[in-house]
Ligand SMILES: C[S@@+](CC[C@H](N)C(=O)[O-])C[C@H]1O[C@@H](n2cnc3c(N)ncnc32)[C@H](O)[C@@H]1O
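Next up is one chain by itself, shown in C-alpha cells, the form predicted on its own.
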C-alpha cells in the first residue's frame, strides 16, 4: 500500500486539491509535523481540520526547526525513526497520509524522511508564492522572462548572483536574513511585494521595503519583479 505525502497549500483550507481532501478523508492515519516535541500545534493540521472526521487519527511527528539539521546524526536518527513508524503503519495495512504546507517538493522537511520509506506517492499542493502572485494580482513571469526561487538561508554570493541573472525572483524564508535582502534590493534598485502568513487570518501584504526593518514572521515571502 502506498504512503501519500499531501501538499495542503499555504493556509486557506479552500485551496487544497480535491484529491488531497479525498486522501485525508480516507486515511487511517494522518501524520502532521510539529515544531516542538510533544506539541499538538500544527499549521498544516489547522488548514485541513475541516476534512478530518476523527482527530484521534492524527499522529504528531516532531521536526526540529534548526539550521543544517541534515548533517546532525541525532536528527537523522529521528527521521529514520519517523520512517520506521510509517513503514510499520503500512505493514499493518493502514492508509497513511503525511500533510505538509504548500507543496511537498518545495522546501519540505519531509524530503529528509523519504529515503526511509519504500513506497511514496506525492500529491501536489499550491505553494505560498503561487497564492502570493494571485493575491498581488501579478504574473510571476511572462514570455521569455526567467523565474528564480531562492531562500535567504543561501549564501550571499548565490543570492547576489540570482538578482543579477533573473528578472523575476521569489524569495523564501525572508525572515532568515532581512537585512541582506534589503541591501541587495537597494543596490540593485529592485522593488517587491512582501507577504506574511498567506491565506491565514493574520495575513499581511506590503510593497514598502521598510517592512524589512522589523522582524517579520517565519512564513514570509517576497516577490521581486
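All values derive from a computational prediction rather than experimental measurement. Numbering follows the first chain given and starts at 1.
Heads up, the form predicted in complex with this ligand isn't pictured, but that's what we're talking about next.
Checking 106, 149, 78, 140 against this ligand in the predicted complex, a heavy atom within 4.5 Å turns up for just one residue: 106. Site annotation in the predicted complex: the residue of 44, 172, 31, 27 reaching within 4.5 Å of this ligand with a heavy atom is 172. Interface residue remark: residue 48 is not counted as part of the site for this ligand in the predicted complex, having no heavy atom within 4.5 Å. For the chain shown alone, residue 220 is a contact residue for this ligand in the predicted complex, at least one non-hydrogen atom being within 4.5 angstroms. Although the partner is absent here, residue 168 is not a contact residue: none of its heavy atoms lies within 4.5 angstroms of this ligand in the predicted complex. In the predicted complex, this ligand lies farther than 4.5 Å from every heavy atom of residue 177. Stretch-level contact analysis of 140 to 148, 114 to 122, 82 to 90, 127 to 135 against this ligand in the predicted complex, using heavy atoms and a 4.5 Å limit, identifies 127 to 135. Using a 4.5 Å cut-off on any heavy atom, the residues of 192 to 210 that reach this ligand in the predicted complex are, in sequence order, 195, 196, 197, 198, 200.
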